[in-house]
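Just one chain follows, in the form predicted alone, and it is written as structure tokens.
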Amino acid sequence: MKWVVETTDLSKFYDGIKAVERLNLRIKEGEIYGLLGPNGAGKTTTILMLLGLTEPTSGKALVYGYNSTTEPLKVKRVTGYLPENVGFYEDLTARETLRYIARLNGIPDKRSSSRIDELLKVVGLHEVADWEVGKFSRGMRQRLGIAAVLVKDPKFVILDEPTSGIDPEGARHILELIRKMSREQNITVLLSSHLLYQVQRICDRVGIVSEGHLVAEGSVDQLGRETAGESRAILEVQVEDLKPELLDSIRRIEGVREVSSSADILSIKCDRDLRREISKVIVDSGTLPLQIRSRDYTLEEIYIRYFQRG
């Protein structure tokens, strides 16, 4: 397996204060990896060390085999980075902005011209290519930022809160762009975000960071199974008439771990599939089960559980 990112006991202290401690992170080629954690968890410091923009106190970070501390220019040649608050020259047009960034990366105009046209179409800005960026909304700026990242054909892209402050439709478009560039161009993506439902929607794996430590890592399904512990199933049951005594009856079923309700919906956590037993108890109580379905843990539930444990 080819690791695009590989850190070994990566640590960073500022004046003795821990920002990241003994972080061991691996990201596979072609995957979208979500880096999650509250403010101050160490996400941004980790990104800066991967880019070679700050030196680790100890440990090391490799990007495509290049050491971020001793070979930062080689890392930057294969990596694109979109910070949370991307800045552009307000009086340049979108096309001029991308041409300027291409020149900064040593790409001559003759080579970049067709690539810029292609990218403007990809991010949905072709019709406003000659507008000054100062007239762009935040969502349009973020799409231009993605085009700016892609103009040098990176193998690895780091996106820091790419949908922050964007309306739902704009965010959906950004997420589609991220998925598209990963799947169609085999670009590896590190996505740092606090918007859990968006991460769950597009990420292949997630890493949860707390106080500089990687406290959990895996696919959402894997983390859900780990979070469930002894509870192997979550059942959602809609009943015709939800009576308070029904909850107590279901709690007494062997294997039921937890029961909660909202309106006419029961959420039941149990150590195996107890649909038959639960249906019988509901019917015996004098009402009917209208719908029973199993569901997985959401990323938000997983995230909360890990921080409750902490």
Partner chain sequence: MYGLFAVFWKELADNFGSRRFLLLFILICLIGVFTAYLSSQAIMAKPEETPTEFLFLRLFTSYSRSLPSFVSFLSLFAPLLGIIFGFDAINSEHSRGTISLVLSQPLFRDSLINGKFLSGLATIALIFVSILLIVLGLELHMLGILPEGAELSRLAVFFLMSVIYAGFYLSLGILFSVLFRRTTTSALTSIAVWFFFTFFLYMFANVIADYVSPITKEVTEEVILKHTQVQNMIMRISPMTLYGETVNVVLNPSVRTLGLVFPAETRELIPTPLSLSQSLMIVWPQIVTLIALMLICFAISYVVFMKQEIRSV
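Since this is a predicted model, take the numbers as computed values, not measurements. Positions refer to the first chain, counted from 1.
The next section is about a form of this same protein that is not shown, the form predicted together with its partner chain.
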Answer option from 76, 95, 213, 155, heavy atom within 4.5 Å of its partner chain in the model of the complex: 76
Pick from 118, 204, 84, 176: which residue has any heavy atom within 4.5 angstroms of its partner chain in the model of the complex? 84
Using a 4.5 Å heavy atom cut-off, which stretch among 161-169, 194-202, 103-111, 179-187 contacts its partner chain in the model of the complex? 103-111
Taking its partner chain as it sits in the model of the complex, is residue 68 near enough to touch it, meaning that at least one heavy atom pair lies within 4.5 angstroms? no
With the cut-off set at 4.5 Å between non-hydrogen atoms, does residue 88 touch its partner chain in the model of the complex? yes
Taking the shortest heavy atom distance, is residue 48 within 4.5 Å of its partner chain in the model of the complex? yes
When the contact criterion is heavy atoms within 4.5 Å, does residue 52 count as touching its partner chain in the model of the complex? yes
Could you list the residues in 7-42 that come within 4.5 Å of its partner chain in the model of the complex, counting only heavy atoms and keeping sequence order? 12, 14
